[in-house]
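Before any questions on how it binds or moves, here is one chain, the form predicted alone, in structure tokens.
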Amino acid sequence: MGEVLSFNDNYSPIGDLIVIATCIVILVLAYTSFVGKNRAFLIFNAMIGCLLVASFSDVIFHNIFTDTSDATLNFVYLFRLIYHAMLFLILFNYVLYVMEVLRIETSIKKKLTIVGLVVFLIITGVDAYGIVTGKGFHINKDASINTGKNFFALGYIFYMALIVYIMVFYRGRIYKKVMRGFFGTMAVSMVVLAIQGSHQQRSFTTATFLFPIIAMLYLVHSNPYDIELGAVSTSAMEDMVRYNYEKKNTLVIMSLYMKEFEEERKTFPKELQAVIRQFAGTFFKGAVLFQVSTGHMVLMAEEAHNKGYENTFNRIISAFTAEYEKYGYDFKVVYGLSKAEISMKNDYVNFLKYIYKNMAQNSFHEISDEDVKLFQKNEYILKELADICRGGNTRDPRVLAYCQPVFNVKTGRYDTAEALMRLKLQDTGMVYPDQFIGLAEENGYIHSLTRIILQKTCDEIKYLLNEGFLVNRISVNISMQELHDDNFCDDIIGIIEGSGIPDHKIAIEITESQNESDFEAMKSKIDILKEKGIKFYLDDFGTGYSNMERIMELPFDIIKFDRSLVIASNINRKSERMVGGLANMFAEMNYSVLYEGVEDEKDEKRCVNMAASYLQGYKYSKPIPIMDLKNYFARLDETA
């Protein structure tokens, strides 16, 4: 049998009252700050509920314990049983919570849930059986008690061991500091229980169950508001989207992007913070403001609570336009209703960024089904690019080599060409450069594509040479980003030499950059590759930034005049003389001049008169599959 004790001599309600007050404070904080309504948070709430019931039961149990009359005795047993059941239910929910946070596989989660539930039922059942039969907890006539077997300690140790096992076994899925936080609070709980037991105290048992709950709130569910803006983080936004998608609720969305603050990573000025606070709290009911980055804010609210959202959008647009006229900060605003396809993947940050790319400054855009369709295509292309990059196959069939033949004015033949890229993907068919080059550059995939197009260009040159065709060279476009790669030159030389063609059969086209680090990277790489006989084109001369001093420093072979200069030269005689003067200056310094975008005989004649060495454009050929070059290039025996 267990100990015989006088219970109220070693109990004070202060511990339970503190727990009750703390639980209420936690609930107030949880529902006045932003906490994602996910399954883990629901389990968290269940634990607080169990702890409140346990604390109240413990207080009532000890208050009525002094009266051991037959009328109250059954209530004493009942509240004692509820108290223990609630404590073990907290431990069981703790197991569920840890499995949810660690995202344990459903099959394993079911098995551990069954084990935890069975242990809970056994312990509670044994506790109830002992009370009913008098073999367990029993109150004597003198108000002393017989505690029976100490199943509480066994159950507590079992659940703690199970929780530790789960967290250690799946430790790779949790941030180390978070795990230490959980273990630390569990250790404190057990130490307090041990100290309390050694002093035969029972006042702070429920308090020890509170410590891990505080750790959960702080480590997992804490998402404090920005004091000045009233915004919370994107993890909270993901929780809100997930919760409402599961509930099939539509969200009202308003997103603000301000490039100036994004690029310079500076906080909004005070006057702008006041405007954002006003917008967040005035126009939509139950709205939550999220800060995606320094220059990107998103406001979300449930449509069900904002039936007149169309009028609200119009009011916001009018108000925001007025604020723009007052402060002058450039902006982009996207607004509309949530889309199931985006909510399912919880990808509004990337979705909104995609929309912003195609928007003009100081404009508004309403979310449409077409946006979703284009974004999904964009994401599919990005996924395929990632797969192409990972695969490392320089002859990947998804990357097609096209080219545009270039007319040699001096020889009157086609003996050079510009290699171009296309993608051919299963779900989209043909994809053109304007749809994927930017994506490849932004995500670090561009060099993989360059290696593939270079390999396929070298393969075609080798074929043409073996078949007796006259091939002067074929140029390949290079992104400025690639020049910062230490392996760039080795990769280029390795592919050319591995293909068995002369180095000078390949040329590289580069667009000039005003960035100093780009210039230094370009200069060093050109110097290395020029020694191998590779020629270099300055692409898109006449667009954007052109620094003649920089051009003189770089050993280009061919200056490629952009289509805009071809058009400009046709405006009037003065314009033609200016463009022609530039071309003659380059020609006198032994640069060859290539005009691109030549579309008719009039363009051709004018460019020939402006020191053209090469002509490229739709007058001669549209871009064609690279294997069709044999229809343009002459054979050596035909040129003899």
Ligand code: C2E
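Each residue number is its position in the shown sequence, starting from 1. Since we're looking at a predicted model, the values are computed, not measured.
Absent from the display: the form predicted in complex with the ligand. The rest refers to it.
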| property | result |
| --- | --- |
| Heavy atom within 4.5 Å of the ligand in the model of the complex - the one residue of Gln196, Gln404, Ser499, Gln481 that qualifies | Gln404 |
| Among the candidates Met421, Val119, Leu229, Met258, the residue which, in the model of the complex, approaches the ligand to within 4.5 Å (heavy atoms) | Met421 |
| Among 39-47, 573-581, 53-61, 596-604, the region lying within 4.5 Å of the ligand in the model of the complex by heavy atom distance | 596-604 |
| is_contact(Asp539, the ligand) in the model of the complex, heavy atom dist at most 4.5 Å | yes |
| The ligand contact in the model of the complex: Ile446, any heavy atom under 4.5 Å | yes |
| Partner proximity in the model of the complex: Lys109 to the ligand, non-hydrogen atom cutoff 4.5 Å | no |
| The ligand contact at Ile453 in the model of the complex, heavy atom, 4.5 Å | yes |
| Complete contact of Gly15, Phe152 and Ile157 with the ligand in the model of the complex (any heavy atom, 4.5 Å) | no |
| Sequence-ordered residues of 430-447 touching the ligand in the model of the complex, heavy atom within 4.5 Å | Pro433, Ile437, Ile446 |
